[in-house]
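Next up is one chain by itself, shown in structure tokens, the form predicted on its own.
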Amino acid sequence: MRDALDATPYDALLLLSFGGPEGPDDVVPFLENVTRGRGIPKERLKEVGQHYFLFGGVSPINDQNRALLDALRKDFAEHGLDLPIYWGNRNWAPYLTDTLREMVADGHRRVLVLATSAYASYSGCRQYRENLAESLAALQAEGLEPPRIDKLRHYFNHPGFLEPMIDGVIASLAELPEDVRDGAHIAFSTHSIPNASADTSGPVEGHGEGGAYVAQHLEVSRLIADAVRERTGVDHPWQLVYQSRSGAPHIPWLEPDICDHLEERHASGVPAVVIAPIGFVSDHMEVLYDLDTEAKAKAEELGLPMRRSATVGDDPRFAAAVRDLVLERAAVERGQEVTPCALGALGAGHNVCPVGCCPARAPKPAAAGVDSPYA
């Protein structure tokens, strides 16, 4: 074991995720949590839940978070980083408030948060910060002193996040028939969000068409495509595409949709496609249904050879990246000079979300930001 690594002033790490049902009886209550306050009838939720029922009512995300927890704990232990790791979800057990209550009972006062979202957006960052503020307020209402919460910066361009995806694309290309492999296009896929949300993602100075959300995904796409070209000697055309759209049809969302893109690529004579789900840390329901089921069926209908590359998941390189991010942020908090690890032109993102970053439609308190009431 190496010499002990110093995470001071932090005394715990919290893995914060979305959550998902773990059986058929969980599906509708889970969706009620996700859509709370929107007045969606239960019968409509049952319709929406069909994606989950196709897989036995089980979302893979919880097991994948358990695997990531194991990978993080193994990496930390092997490298001498003595930092306990907890796990809490936004929409299903283990619930965030319960986990924070447990952390307070265990005596933790400075908590660092790893969210399972690598990019800037309301739903991928600000909403998690609002969830944290709600849970801290709940602890205060119970007479508990809430811990101080900080959130790790966005890690979309950390090499430990990128390298597993680069390898995944190369492996998927190798699985294609040899006669179509070199002509294959790469579709880098992420969750569609309303245009208005994308335009206001990230700090205010970057607001505009697509905002930080689109810029960061384009950067990751370019970095992966460049690495694939360097390592295979083949320059594969690529495009950023979107999936998993929901909401009212009259509201503009980011396009093109992955299935529309497959149709367009096929019509233009592209011989094969690799779909790389860069917007997702692991193979959860949006990947299993929207890509492995719907997009796969569309490709088969078109007679278009298609492979879907792996997400990062519990890859040891990602666990090492989280360790690096923890030590980086701890050093910053101790006042030390740090050179952040980030590839590409965008560089490392902010450590503390500024005012106006990824704003909500209706303003709510949010933790781990310049304007947090829990500094």
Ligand SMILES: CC1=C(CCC(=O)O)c2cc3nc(cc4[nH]c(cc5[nH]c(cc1n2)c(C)c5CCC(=O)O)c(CCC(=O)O)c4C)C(CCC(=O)O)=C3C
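When you see a residue number, it is the position in the sequence shown, counting from 1. All values derive from a computational prediction rather than experimental measurement.
Keep in mind that the form predicted in complex with this ligand is missing from the display, and what follows is about it.
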Problem set entry | Partner-proximal stretch of 158-166, 231-239, 246-254, 270-278 relative to this ligand in the predicted complex, 4.5 angstroms, heavy atom | 246-254
For this session: Quick one: from Asn89, Gln216, Asn131, Ser117, grab the residue that has a heavy atom within 4.5 Å of this ligand in the predicted complex.
Result: Ser117
Problem set entry | Heavy atom within 4.5 Å of this ligand in the predicted complex - residue from Pro94, Gly206, Gly210, Pro194 | Pro194
Problem set entry | Leu69, Arg153 and Thr311 all contacting this ligand in the predicted complex, non-hydrogen atom within 4.5 Å | no
Exercise. Can you check whether Leu325 is within 4.5 Å of this ligand in the predicted complex, heavy atom basis?
Worked result: no
For this session: Flag Ile61 as yes or no: does it have a non-hydrogen atom within 4.5 angstroms of any non-hydrogen atom of this ligand in the predicted complex?
Result: yes
Exercise. Does any heavy atom of Val113 come within 4.5 Å of a heavy atom of this ligand in the predicted complex?
Worked result: no
For this session: With heavy atoms only and a cut-off of 4.5 Å, decide whether Thr35 touches this ligand in the predicted complex.
Result: yes
Exercise. What residues, if any, in 293-313 have a non-hydrogen atom within 4.5 angstroms of this ligand in the predicted complex?
Worked result: none
